[in-house]
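Subsequent text provides structure tokens for two forms of one protein chain, presented individually as structure 1 and structure 2.
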Structure 1
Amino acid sequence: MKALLRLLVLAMLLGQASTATAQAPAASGETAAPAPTAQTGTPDETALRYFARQGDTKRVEAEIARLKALYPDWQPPANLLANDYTPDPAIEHIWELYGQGDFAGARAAIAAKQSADPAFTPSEDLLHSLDVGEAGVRLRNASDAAQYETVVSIAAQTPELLTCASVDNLWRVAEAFIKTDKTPRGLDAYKYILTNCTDPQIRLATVQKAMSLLPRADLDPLLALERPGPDGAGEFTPIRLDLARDAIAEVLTGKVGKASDADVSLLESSARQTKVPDDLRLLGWYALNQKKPADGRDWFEMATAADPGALSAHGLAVALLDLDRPGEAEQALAAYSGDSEELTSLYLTAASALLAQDPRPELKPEVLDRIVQETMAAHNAKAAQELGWYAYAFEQPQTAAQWFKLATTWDPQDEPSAYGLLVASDALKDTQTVREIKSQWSAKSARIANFGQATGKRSEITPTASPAEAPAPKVAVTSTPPPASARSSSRSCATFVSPGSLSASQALARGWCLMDLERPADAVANFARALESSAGQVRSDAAYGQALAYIRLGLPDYAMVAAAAAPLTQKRINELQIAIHTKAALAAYEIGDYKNALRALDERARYAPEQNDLLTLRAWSYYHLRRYREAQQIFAAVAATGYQDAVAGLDAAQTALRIQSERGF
């Protein structure tokens, strides 16, 4: 058997071993040619008897094995301690040095004995043992020094180094083959071990060694040599799990796109059973990688149960964000936000997403409070911006403006925050800030540039440049009367005062006062005086007031000009446009200009939906233009709401249609 193993080793070194030969040593039988190093003659039993007298049973066994390998027919003496053997103390000393691994000392002792006794010839056995011992040291040193050709060459010359008892040598030879691009021969070496060596630890370690040096595909033939362990399970189960972990980790590092189903389900069933947190989290990340956030959440929940802490919370939060459940994500991370920069950033992402939800959630004060705390601590512009929109949505423009201001301080380049500040400032009539933002941003942001201009298109206020990133908050744009503050200075204005004698703000106040007294013509003159103000807000209010005054005077065209005299908020622009087009429609209708009446209504419809009165006006316009069918449809719809004025119109339209059809139109 020993001779056969040597042959296999030689075949392996020559690159001729195959799985077949390695797996079926018996097929070759014991009739193989004698091993090249087999000795003839009588073995040198000095060492054996020396170790026996020392009571060193381990070395006795090793020595018996060694001698049997060299002399297959030799049988150890029955009584190693018999007195019929008189050893030479000098030779015993040499064997002692050999046994201690002091090969240099043994060499020196042999030479010393030769010098003292020229007739002395060391036994072949002793010299060969020393050669093998030194070759083993040299092989390991060469391997440590990454001199792999030397490793292979020593192994080829000293096959007795390559045994299950010195498996480290076999491992080093395998590594040397692999490192010199002879992977198949390296695999042969591993196969040799897995075919011939029985120690379970060695077998497991062998596959682990191979794992560290070979790609996964090369490991399969080695895993195929698995034997059942004592518990009936495959002896390589732990390794297969390691491989599955590696395979999944490779996906996560982006090296490959997907792990094999076998690897995934192996780790899954193991993780479910063992609840090893790292495995649970690995599977969680893998699920997220594979775009299965619900699975990911489940794994991270299991991980949290097994190991509550930042690592589990981190994964769980990412999964919840993927599932668009920012509230739960915020909750999961609340305790760990400060643990690391990464967690802080993730927390604020969750918080931002939570604030931006549509419809806006009403957050509990403690939640809002901690979001505010973390945002302030981190100086996070995105979260501040979301807090701004959140405040804005709950009609707290003052608070909103403060948050937006903070956001632009923390990140002066953030357009969405600047836009938020613009919107909030506009709502607060802070024309100074509005103008500053416009002058600073108009070149870079179209929506900021266009803000407040009557483009004819309904201007939508969206908090971010990309609505896909965060849903737009619902910011109602409704026609409202001028803010109370603008009229707070209202006082009696019945007596005439020359507008030129008033300050701009006095003239503005007097203008509103006159509007209240339904004296729009006088109001126009006072608003004109206020328009001379250097204060942007005053001019804006004045332009607005003047436009309203012209509308009341039935001069919509003048109103348009007046409105352009100073920048107005989008809200006021909308308001004026609606009023102007309403007036224009009524004026046109009154003079029988139905086409222009319809045109004005169409213009107005871009700013606000028509209520029943204007719908009825529209329907009568169609009627007068003999577009009875359209008139009938609108009258019918409005009449259905119970609007009495439309019922007569519906009758008229239906009659006209009937006459038309009778006449064969």
Structure 2
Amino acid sequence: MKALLRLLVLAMLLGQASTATAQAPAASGETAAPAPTAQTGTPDETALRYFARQGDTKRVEAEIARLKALYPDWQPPANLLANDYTPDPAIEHIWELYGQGDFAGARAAIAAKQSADPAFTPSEDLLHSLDVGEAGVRLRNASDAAQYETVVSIAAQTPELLTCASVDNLWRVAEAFIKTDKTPRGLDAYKYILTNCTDPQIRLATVQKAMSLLPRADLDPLLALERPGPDGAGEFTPIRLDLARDAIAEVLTGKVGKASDADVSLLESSARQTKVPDDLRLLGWYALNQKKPADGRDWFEMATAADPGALSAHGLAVALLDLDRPGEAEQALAAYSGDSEELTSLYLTAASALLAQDPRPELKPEVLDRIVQETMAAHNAKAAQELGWYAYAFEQPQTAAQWFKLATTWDPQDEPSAYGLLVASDALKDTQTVREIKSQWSAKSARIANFGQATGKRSEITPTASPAEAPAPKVAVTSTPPPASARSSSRSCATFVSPGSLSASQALARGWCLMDLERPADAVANFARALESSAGQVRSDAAYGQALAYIRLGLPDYAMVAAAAAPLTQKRINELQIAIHTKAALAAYEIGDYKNALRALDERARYAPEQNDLLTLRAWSYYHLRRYREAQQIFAAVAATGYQDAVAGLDAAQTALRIQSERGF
């Protein structure tokens, strides 16, 4: 059999073997590699005993295999460490150099021994071993230098190099065939290894090396040589999964249109069992690629359960958007919207789709608040535009106009935002703005040019029902009006002027003017321009004005940041803190976060005493937290001043206390 194997390998190297013949040898263990021609006489056991004394088990096994191949009738000594052998230190040194791969040194040592002992003759085994070792070095050097024809030539001349024990040589020969357009012979080399070598790691590595050089179709014959592992599973299962992943990745990169059902099924089965997040997400993206958003959502939900991070949320949001469920997509991305520009863009896409739904959804305050914050942070014109339409739909044309104005500031070429501003301005009877927009856009937009002419309609938008009122007490948020010097500026700020075209002082004055017109969104940009001033007073006024503008926009966090942009007087700091904490208390109360509402009121109390409206808010917060006794005390005190809004609260608190008493609390 071993002689047959050798002939097959030689034939393979010479290009005479067919695929069928290369597969013919049966598996016969690591020593089933091609053997040199059988020798006569007594084998040289010097190397074998030397390696045995060194404890080099691997080399002992290789040497036994080599000697048995040369001397088929030879049997290794039962005890390689027996005292019946007296080593020659000089010969052992030669084998030591051989073992280290120092073949030149070994030959020099032979010459030295012959010089010292003219009767010494090196054994044929030693000389042959050196020949094979040197041929191996030449083969590897040629392979590293991409001299593939030389690789094949050396291998053909030295078949002893092609053994399972020296599988690297076989891999290099296979590569040489493939790189010289002799792929079938390279494939035969891989088949030879898989047919004759039993080491699981070698077998797995062989297929992995083939994967890097051969197309998928050529790998199937190699995979067919798979053997079951100790657990009964195929030894190439990890490779099959890698191939399935690669096949799906090729679809996602546009190289092919569809992966095979077998690949998809294999990875699906594995992913369901292992819950590996990357596999779950890969299958999710593949499902989306194949226009199966429901399947994609399911995979990304499993990925989120296994790895609740931005990567899973990203895919899940895309799937939900494909399913036209923007509300869930917005929620999925809420925690990750600022992680990257891509996620911010996707979040705002989801938010815009949510705002644009028909009929308009009545969003919870916390949802609307985070959409506003992300829109402001990203200066996203599309989201600002949708916020404008959302406000307009709920009959808030003033707010709508501010958002549309902000959108056109961020993207002056955005026609939908300009149209929205036209519609909102028309609703507000702001004829000057309407004229300006039509003058600016009529040449570029037919609907703007024809607005109000073709149908006589003031707007193409049908407002929906008003959103439900939050059960919050009425609280007036006050702040100090702009400086008198600033308010003295004219109201000519109704027309748009780019803040960048103004001096810092002009922008400051314009910012206060816009505040007078209840256009805080526009004022923010002008105050930002004024903050570029080198004059300390202008910067201080601008920081103060910008903070006030953010407060009016319902963005207390931004107001706190703006207030820190320049030094402010203590008086202004107090005023802003009062307004900021008042806004924060209201916002918290509106979303049912009564603990934070009380916390904000406590912060505010550091700067000013609470009036009846805020005392009532505090009492209601206690009431919702079931702290009825404290609520009753505050309601009673406020009601005693004649503040009617506290009377209902007092009744509610007293009723709650009576029920508690009846129940024995």
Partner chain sequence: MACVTATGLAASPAEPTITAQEWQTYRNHFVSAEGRVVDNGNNNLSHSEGQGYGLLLAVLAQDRPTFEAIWSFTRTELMVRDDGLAAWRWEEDKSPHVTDTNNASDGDILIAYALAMAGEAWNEPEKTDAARRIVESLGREMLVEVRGNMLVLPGKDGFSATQRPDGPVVNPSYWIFEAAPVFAGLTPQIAWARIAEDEMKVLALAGENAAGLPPDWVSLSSRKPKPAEGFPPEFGYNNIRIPLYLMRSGAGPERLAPYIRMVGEDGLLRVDVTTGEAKEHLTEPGYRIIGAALNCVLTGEPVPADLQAFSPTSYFAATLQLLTLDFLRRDAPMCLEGGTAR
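Source: prediction; values computed, not measured. Structure 1's sequence is the ruler for residue numbers, which start at 1. In this text, rigid core is short for the largest set of C-alphas that superpose within 1.5 Å between two forms.
Shown second, as structure 2, is the form predicted alone. Remark: with the core as the superposition reference, the CA shift of E92 between structures 1 and 2 reaches 2 Å or more. Relative to the superposed core, E386 undergoes a C-alpha shift smaller than 2 Å between structures 1 and 2. The rigid-core alignment places the CA of T253 less than 2 Å apart between structures 1 and 2.
Once the core of the two forms is superposed, the Cα of I154 has moved 2.8 Å between structures 1 and 2.
After superposing on the rigid core, the C-alpha of V638 is displaced by 58.3 Å between structures 1 and 2.
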